[in-house]
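The chain below stands alone, shown as structure tokens; this is the form predicted on its own.
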Amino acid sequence: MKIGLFGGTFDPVHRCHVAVATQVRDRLDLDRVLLIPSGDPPHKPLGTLAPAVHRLEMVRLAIAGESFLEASELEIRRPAKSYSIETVRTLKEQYGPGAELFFLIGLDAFLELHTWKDAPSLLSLCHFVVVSRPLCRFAALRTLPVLPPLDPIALAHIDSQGQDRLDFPLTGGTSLILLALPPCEASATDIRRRLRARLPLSNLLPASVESYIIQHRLYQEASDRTRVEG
């Protein structure tokens, strides 16, 4: 089996998350993609996320009807901080040696990989699928300290849209797969700002997720405080 691992805060999950999972699945012919909401991310201050139970349910709503996408409770069930290396080790044990794991991540987040716990081991345990992000260039990977030397000409070629995929071998038999995907303009930060300001969402969210947010009054803190103080 070829299984994609797509982690994130999903605060909230939006249409670009679903689009990335779907496009990567199609491009790499994956059997399944797990969307894994983080419980207590090491790089996020406590209290800055919507409760994990809500973020998980929003993921479930967003992918309803997509048989190859699955919401995973793995990280939110951990009582302590959750690290990607622990998640990958758990899933490798769960799925066994016959499964290939593909870690999906945006280029902007991947450029911080050297700050992650046990990053070299993580690169040797699963394939990394790095997808393009607005205002980021794959050429920046040349200076990432945890990677082997990468061909600068090939990186420039994918940045200039001369090709849409590059594969580089990594230690342990894994690969670094770079994918240039069509731009998708949606940001969880902007969505939260719009919700607090009661601005239109312009179809940035699946309808079921938007209804859930309204029903549970998520991301309304600023507007509620303004109304009380006024």
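One-based numbering along the sequence shown. Since we're looking at a predicted model, the values are computed, not measured.
Quick note: we don't show the form predicted together with ligand ATP, though the next part is all about it.
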Mark Q161 yes when one of its heavy atoms lies within 4.5 Å of a heavy atom of ligand ATP in the predicted complex, and no otherwise. no
Does the 4.5 Å heavy atom contact test between G106 and ligand ATP in the predicted complex come out positive? yes
Quick one: does Q220 come within 4.5 Å of ligand ATP in the predicted complex, counting heavy atoms only? no
For R25, is any heavy atom within 4.5 Å of ligand ATP in the predicted complex, or not? no
Counting only non-hydrogen atoms, which stretch in 98 to 106, 119 to 127, 150 to 158, 78 to 86 is within 4.5 Å of ligand ATP in the predicted complex? 98 to 106
Pick from L30, L170, C184, A52: which has a non-hydrogen atom within 4.5 Å of ligand ATP in the predicted complex? C184
Mind listing which residues of 117 to 138 have a heavy atom within 4.5 Å of ligand ATP in the predicted complex? V131, S132, R133, P134
